[in-house]
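Two versions of one and the same chain are coming, encoded as structure tokens; call them structure 1 and structure 2.
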Structure 1
């Protein structure tokens, strides 16, 4: 058995032993048939977490045959295209993964293809177990709730290896200005890539951390409400800084997955990577690294005190082939036990506040640190991961960033972004 598989098995065993197999309050019912679960969790800690959930669900509902219809592609880029085709063709899965916020509400809820789940929340008492702000992200204006969050992720995390930074004589930059003017030149002189960056969606992920670091939480949030003018000097500064940051990254970024970029940091080829905390799951499960030693973290430069969030959720599409089994899955998924099974493997925080977050056998130093920030920081939403920004804007903005990565034209990128904003939001 490989070290990676052995470590994953140890972690899963610890999760199950700590929780106790009989602790779930959701009781097996007379549910049977096929249950198709559609997601983009195909590797690393996220796949291990999903497989652990499916295994436990199978013990609770032995007559249900779970079909794991996961589609590869970071941040759901490929899965969302497949899902759109299926939904438009009248072939919905029984349940599917969707980011809380705009991705859920402006796409699927607005189209009228999701069932409200208020009855589950009322019966399970979840209106007291989930933060009010999170429930608002998965609800419409009338108070109908449309999905079950399984986790909370942080987007604005900078990952590094402490021993490597010490060897190269650099420290974690407090601001993007420090990174560009001091950290980047020192690392380039040591023949080290300052920042590992991957394919298109990870570049938008990086852009939003740069924007948050330059603008601060209030002005960043204003980008999605119209309170911050996309034509302003502040947004010009965001694009200027982002261009300088990209100049400190690898030229082959478009050919790398997020795992590839993270691996370069671990290998000592690159000093830093800005990625969500699913990277923690990758470091823990795939690479069997010790938190604080094999890898470490900080808020991305300039974002200390701000938590750039996203949440993976599952909903119930209208016309689900096996509605009864899908409802059973959603009841299970939102329980504290299910979230304590999943999140230590995924590298995320539990969304259900009844989860055992203080249990250090389940949630290591990274989780404890992140949970403190989640409960004390200013919370803002991720564009790259569907919490804010209409899908049409996100898609168009991805194209803007792709061109900008090639030509670096700040004025052109900002002007087109202003046009896109006006077109999508009707200003």
Structure 2
């Protein structure tokens, strides 16, 4: 074969190959370049879920180079600090993770740095497939929708080991009062920690479960709208109960991560632990326990019929360097397919109702149960996880709880909470 013929053949092959790739990637259209995804998912099931999403996105859009910039720190505390300075410096990522509700609305939307995503919702028909209550959490008063939810988590879940409870002769308390007056003394007598609690944010997490249990969903929701008076006797009894509940917990709280606290229940050192349903992921995946046997759950005392929710969402900042790729990512993220990839790994419920929730291979017994609650219960937002009261109120409140943990002074804690509420939301 002459050289010229060889080169002609080579050229032909190259042309054919290019055409072939082009026809393969009909989805990709002309989306290309770098796509920076900013989140705080760095470990465990959530990082695995994000990686799986990115892998599938890479198949659909092979020309996009995904940059996964995740910043470590539970509940996104450090990621948000980094994000703030980047946004102020005019260097936004293409898309970033943000909790639905107050965290999205009172910071980024209020600052006018988010792009409305209504066009995606309309083109993909998501206004039908996402629950109305969830959409209202990520919209402003004019009906502009600002982010795409990937998952739903429940905060008010109490975890235990059934066999251990039987051995200690206690049952799952139905109210916090029952927990404090009956369950707790019985467990203390058996030399078992009644409730395992961890570091600061898990204490706020516990507080919101106590508040919901004492106040009920309507009055709890009123705390954030101003309909429930922070100075009222009901709120006093929330702090009183919270103090009694803390007294039933381990004393080395600040030394424990949430995993350490959950682990104590599994080890049989403690009877109960209140934690979000990411604990189910921890029990199932990391500890390989069987639901219903190795661990079991109920709504935290007094919160049966109420669903304290939080949701991770992704938004589109104004001035995203690669807007086209970010929009493609958001369209993918909201699809039932993406939600079924991500949620079984992360251990959360899909936000898109078109997802294949009935598939028991994807969603185990816990999530079947939780999904029923999600669709039938009263829905309220989590303070510890940004759905309500995000920013100055949440940070001030975490200081109130930190002081309360040292002195247990109900009157002082409530008085300062009132002052804080007036300062942040008053006028």
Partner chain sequence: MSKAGRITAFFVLLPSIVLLAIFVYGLIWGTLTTSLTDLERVAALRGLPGQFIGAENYERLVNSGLERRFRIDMVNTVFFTLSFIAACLASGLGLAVLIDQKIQFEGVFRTIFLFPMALSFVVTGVVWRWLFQQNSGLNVLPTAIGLPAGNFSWHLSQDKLFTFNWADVPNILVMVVCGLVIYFALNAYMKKKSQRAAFLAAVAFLLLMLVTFNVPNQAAPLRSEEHGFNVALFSITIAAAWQMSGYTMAMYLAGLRGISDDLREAARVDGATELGVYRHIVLPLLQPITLSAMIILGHISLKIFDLVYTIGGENPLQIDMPGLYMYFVTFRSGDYGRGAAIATIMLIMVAIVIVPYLATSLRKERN
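Positions refer to the first chain, counted from 1. In this text, rigid core is short for the largest set of C-alphas that superpose within 1.5 Å between two forms. Predicted model only: the values in this text are computed from it and were never measured.
Structures 1 and 2, same chain in two forms; the form predicted in complex with the partner chain is found in structure 2. For residue 286, a C-alpha deviation of 2 angstroms or more is recorded between structures 1 and 2 after rigid-core alignment.
When two forms of a protein are overlaid on their rigid core, residues whose CA moves 2 Å or more are considered shifted, and residue 269 is one of them between structures 1 and 2. Core-superposed comparison between structures 1 and 2: CA of residue 151 displaced by less than 2 Å.
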